[in-house]
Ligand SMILES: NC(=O)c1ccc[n+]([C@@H]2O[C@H](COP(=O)([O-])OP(=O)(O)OC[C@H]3O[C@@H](n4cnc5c(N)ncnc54)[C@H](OP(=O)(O)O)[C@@H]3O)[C@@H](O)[C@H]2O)c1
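Take a look at this single chain, the form predicted alone, given in structure tokens.
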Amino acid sequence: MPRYALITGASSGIGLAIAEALARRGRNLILVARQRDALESIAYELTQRFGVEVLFSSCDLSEPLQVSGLLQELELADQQIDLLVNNAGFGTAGAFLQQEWSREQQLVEVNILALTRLCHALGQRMVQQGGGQILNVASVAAFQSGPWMSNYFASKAYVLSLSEGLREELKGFGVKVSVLCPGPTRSAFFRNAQMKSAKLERSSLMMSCEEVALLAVRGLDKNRAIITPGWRNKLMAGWPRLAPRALVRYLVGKVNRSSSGRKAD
């Protein structure tokens, strides 16, 4: 039975870059995202370039019924998925109480609930088939609270904690779990979150999606528990453990408030 890597949020950004990096290695893929036309085009291109089989499924992960449909589709196809990349996610910026609740709910549905459900369903299948690998995409935001992006930062802290917990639970079954914690990356994230990113775009902190994907795949090869691409991002992930929490909250909040277009104190 052919084996596949399933990647969510695969139509752009880090998800697309990881798909290309895996296809380059000869991996068959199942791509999941909302945009069917984009997925169809990407699947054709990767198949032509790398000679791998690329399947795709259009699914809005913010809709629980569509997630159920995706899982049923995968079950009926009886495909052996030995790598799950939970990449889909997005952020919102600004004061939490000023956000539209529907958007904040969508964030929780995608960043937390859909990711957790896929880990549960496909993790069970991996245990039954004797092994597999899960890569959940968090962020350097996972290592501290983030005022003016509170829901997003909290969602990524959840992903980090869940991934580390599952790593211990599943290692005896041959299932390896890693979590990717990238820093600022050139993608549609900032535009979708309606954040100011012009200054950051010129910063050396910004990495390309291709760089992040390459380091993510190398981290998977080494079975790293936490994959933080780039030494600057490692510093960003580590400093909150050394500084007083009140200071961390203040400084991160000041940066987030400025980026969201709100005047910082």
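None of these values were measured; they are calculated from a predicted model. The numbering used is simple: start at 1 and walk along the sequence shown.
The following text describes the form predicted together with this ligand, which does not appear among the structures shown.
Judged by heavy atoms within 4.5 Å of this ligand in the predicted complex, the contact stretch among the candidates 116-124, 70-78, 170-178, 83-91 is 83-91.
Among residues of the shown chain, residue 187 is one whose heavy atoms approach this ligand to within 4.5 Å in the predicted complex. Heavy atoms of residue 146 never reach within 4.5 Å of this ligand in the predicted complex, leaving it off the interface. Among residues of the shown chain, residue 192 is one whose heavy atoms approach this ligand to within 4.5 Å in the predicted complex. In the predicted complex, this ligand sits beyond 4.5 Å of every heavy atom of residue 132. Checked against this ligand in the predicted complex, the candidates 46, 33, 29, 213 yield a single residue with a heavy atom inside 4.5 Å, and that residue is 33.
Counting a residue when any of its non-hydrogen atoms is within 4.5 Å of this ligand in the predicted complex, the hits in 123-142 run 137, 138, 139.
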